[in-house]
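The chain below stands alone, shown as structure tokens; this is the form predicted alone.
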Amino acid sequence: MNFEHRQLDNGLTIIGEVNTKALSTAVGFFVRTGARDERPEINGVSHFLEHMLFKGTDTLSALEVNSAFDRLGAKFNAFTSEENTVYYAAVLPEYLMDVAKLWMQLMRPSLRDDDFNIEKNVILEEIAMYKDLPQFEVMDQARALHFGKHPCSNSVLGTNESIGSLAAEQMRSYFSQRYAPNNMTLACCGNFDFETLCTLANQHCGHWEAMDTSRTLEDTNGTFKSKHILNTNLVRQHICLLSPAVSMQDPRRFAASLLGMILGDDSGSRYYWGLTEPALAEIASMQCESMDGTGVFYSYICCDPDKTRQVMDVIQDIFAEINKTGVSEAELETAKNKKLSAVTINCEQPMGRLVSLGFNWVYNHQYRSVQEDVDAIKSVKLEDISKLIEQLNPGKFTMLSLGPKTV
């Protein structure tokens, strides 16, 4: 495999990992914008914009956009997070440039008033739908509680109030600021010609205007507050715990990811043996999310409301034990093997590799091969995990519970 990198005069970055033996290709635009870049009055606009790009351009209707992707046999989609909006597609190599050109056109959408007004109702329905999903609601509310005044507290979907009052002109203004070429990365993996992709990008994107797209970066330990939202219509108790982790720029992120797996993987973890296997909780999981300048461990537990106190006692015991004795060599080895399997299997196809390639560049402006990630995971030692536990103290957390019983 061969890595290639180019930057257009306007700041658009083009990166590619060329594998001439691959039978497919994947291409995507990584836009460094998400909920954390929004003001309260336009909260949810990044996700709204994701929807609007598929409504077409001044020369392409929504029907023509979908027909073009279908005609080329592309598997395509997009997602929005607190920090990024990503548009991607996987396709046969012979159609890669056609799909890339289509994405380049869509990166300059029409944002028509009629489409905006229709899609606003779709977004409001989506907010209502997720309100009916306790797992999503408890994590959304917990994130807001944990991050407090930090911009990562913003909801990706926004609220009924922010979306309901959002005007099309506000969306257009946000788009012109955040979808600037110097805030975007065009990434491609698989069997393709990099020079042809760069020529195409320069032709269709070279005239885009650069803007000031700075983002305030600051770490936070969180608020460590506790809150319960009473909902007597629910039959299960939903609990979310958040504690400080490390950022995407921190080399300790590999150790933090392994620690999260040791504590809360869905099989064989401390949570599994303490909560899931003895049937105290239906779900008990933890994951580490490293972000831009900050990071967080998320724990999610779903249990019988009458077992809530017992569940929390077990969790406190788990954290107390790991603070006291650390983790075992066997636990670390198991976590490494799980992580290594996930990394390598996910990256066997260009589509799986695309996200890793893109995010490594977005966050750190660097190329990391699969082997470099494998080596970084293998190099984590017990003392690295022990130092991380001492430095981060995952047993000190923000807690939000949702359900019919007060914790």
Partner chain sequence: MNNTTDIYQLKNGMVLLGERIENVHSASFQFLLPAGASLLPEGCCGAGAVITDWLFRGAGERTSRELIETLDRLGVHRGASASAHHLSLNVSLEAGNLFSVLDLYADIILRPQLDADQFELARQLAVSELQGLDDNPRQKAMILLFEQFYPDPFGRPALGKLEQLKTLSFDQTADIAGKIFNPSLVIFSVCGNYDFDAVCQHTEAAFDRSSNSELTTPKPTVKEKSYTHFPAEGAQVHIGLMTPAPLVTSEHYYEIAAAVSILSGSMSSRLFTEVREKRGLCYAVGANYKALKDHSGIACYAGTTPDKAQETVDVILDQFRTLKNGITEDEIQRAKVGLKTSLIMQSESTYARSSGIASDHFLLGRVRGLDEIREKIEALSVDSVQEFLKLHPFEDFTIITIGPDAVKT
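Residue numbers count along the first chain shown, from 1. On a predicted model such as this, the values are computed, not experimentally measured, just so you know.
What comes next is about the form predicted together with the partner chain, which is not displayed.
Checking Q135, S173, Q105, T220 for any heavy atom within 4.5 Å of the partner chain in the model of the complex turns up a single hit: Q135.
The contact with the partner chain in the model of the complex, taken as any heavy atom within 4.5 Å, belongs to I118 out of A320, A167, L230, I118. The stretch in contact with the partner chain in the model of the complex, judged by heavy atoms within 4.5 Å, is 118-126, chosen from 118-126, 241-249, 203-211, 220-228. Contact annotation: A22 falls within 4.5 Å of the partner chain in the model of the complex, judged by heavy atom distances. None of the heavy atoms of G28 is located within 4.5 Å of the partner chain in the model of the complex. Contact annotation: K149 falls outside 4.5 Å of the partner chain in the model of the complex, judged by heavy atom distances. Using a 4.5 angstroms threshold between heavy atoms, E41 stays clear of the partner chain in the model of the complex.
Taking the partner chain as positioned in the model of the complex, the residues of 227-243 that bring a heavy atom within 4.5 Å of it are, in sequence order, N233, L234, V235, R236, H238.
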